[in-house]
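The chain that follows stands alone, in the form predicted on its own, written as structure tokens.
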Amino acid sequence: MSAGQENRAVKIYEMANAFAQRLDLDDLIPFALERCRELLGADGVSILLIDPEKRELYFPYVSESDPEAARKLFEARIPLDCGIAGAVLKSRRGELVLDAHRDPRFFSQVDDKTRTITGSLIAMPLLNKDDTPQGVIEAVRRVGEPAFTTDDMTLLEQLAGSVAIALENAQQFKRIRESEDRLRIEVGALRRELARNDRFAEIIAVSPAMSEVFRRAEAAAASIKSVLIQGETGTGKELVARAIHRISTRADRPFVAINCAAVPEGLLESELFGHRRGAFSGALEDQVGLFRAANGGVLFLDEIGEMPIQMQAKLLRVLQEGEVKPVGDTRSHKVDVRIISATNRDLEIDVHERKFRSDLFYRLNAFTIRIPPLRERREDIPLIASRLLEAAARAHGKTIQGLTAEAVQLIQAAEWPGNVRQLQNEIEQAVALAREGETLAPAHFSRELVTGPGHPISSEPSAGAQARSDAEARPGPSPTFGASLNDARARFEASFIADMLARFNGNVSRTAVALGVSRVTLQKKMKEYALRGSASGN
């Protein structure tokens, strides 16, 4: 074997391995044709595939020295029973044609279209494992170039076998991937259907105000626009955002959330867009960022109104261009992300005061949903409280018998400036203080809730209120300069015990449990500070 032949054999082996490792047709075929043209010294190498419906051969992949000829070949079609390629498919044997124009089978219309003159030609069938033809690989040299040799034909025959196997594998992979995509679409459709049937299960509401929220959320889910959710702190903005995602066409893709107010300004860009290792102090490894992590899905930007003005400009650029550039990187990465943002601020006022960019506001505010505070949907409060009570009781391992009528009246009348989050805190605290099997009553809730706006202290003092009055009326050390530490401690202790007695309506036993002391110890302290509990509690 000559050195040239040995070199070709090595290249063929390398190409065969490379073909076997490539499954993507658009990656495989251009690679194969470029290598074939290089090894054969050809002016052009093409793959012709069969269009079974039209019974034609077409040129989906071309490697040409003349770009204009390549463009024309993409448009060309050859009847399946015409040309040298048709004859090769019919016989399933390759052919070497030294002068194509002298061959009566030659389909000259292709040359007419490309404005070239074919001289020598090699055509090899591409056969599947079951010997069925899938197309032809063809190499050409123009008139005036040396004709191909039998060694060239042997080379193309060897390459054709590798290309045919790789092409069949790639086509099978493509069919599997298409099947997987169809299955993913079907699963996504079923998941969305289930979500619609139970679309807002996490959000407990029967009020007309929340019905409007649900209506708008369903409309938002069907839209590709950005959504801005407005509402006070603790109203459940993220729950609504997740519900929109769950019933949208992106339901099977990621939902990624970030609280813009919780991330330091210097780190927010890195969190959103990612960074390269070494981009800044502490960047020990590459990080893709939340935009790329959410690619194809939803990025939820909570508390968007707290985003620094400089960062707003960078976010706007990403939304306009659809690509992100990690910190310290020179390359940009395309992303397909739907933005749902939320705020408890009035962004229109912030825009007017130049605290928020108007162009970013109008891009984010394509579709608005306002979530009403609890005080505007009081009919929902007992339902929410009941669900929260069940969860808190499970967490504490207790059986709680629900809420008394007085407790329901209490929580429905409260203003709840912290909304659902505040209600949750109150319920969890009440469950923690309650004993096994008890029903939550007003005494289990914080004094601020019981005596807050809309809940004035009764004109008839309770035993707990009397205990507080006793402590306040009792002479004691004044917190003025010169008072001893013991005096200050005694005064604080008396006030604290009085507060706890008031919380439990003077019930000594329950107050002792809450304070973590025995009933006897508490009674001694009450006697020391002249405090009184309820008769039933003594």
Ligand SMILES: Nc1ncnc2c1ncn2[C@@H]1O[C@H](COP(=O)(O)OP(=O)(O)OP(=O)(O)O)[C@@H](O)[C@H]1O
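Residue positions are given as counts along the sequence shown, with the first one as 1. Keep in mind the model is a prediction, meaning the values are calculated, not measured.
If you look for the form predicted in complex with the named molecule, you will not find it shown, but the lines that follow are about it.
Taking the partner from elsewhere, Gly236 is found to have a heavy atom lying within 4.5 Å of the named molecule in the predicted complex. For the chain shown alone, Glu202 is a contact residue for the named molecule in the predicted complex, at least one non-hydrogen atom being within 4.5 angstroms. In the predicted complex, the named molecule lies within 4.5 Å of some heavy atom of Asn344.
Proximity of Asp302 to the named molecule in the predicted complex: non-hydrogen atoms within 4.5 Å are present. Heavy atoms within 4.5 Å of the named molecule in the predicted complex are found in one stretch of 202-210, 406-414, 331-339, 117-125, which is 202-210. Comment: the named molecule is not present in this chain, but in the predicted complex one of Asp152, Glu438, Glu306, Glu232 has a heavy atom within 4.5 Å of it, namely Glu232. Taking a 4.5 Å heavy atom cutoff to the named molecule in the predicted complex, the contact residue among Gln424, Gln134, Ser162, Asn365 is Gln424.
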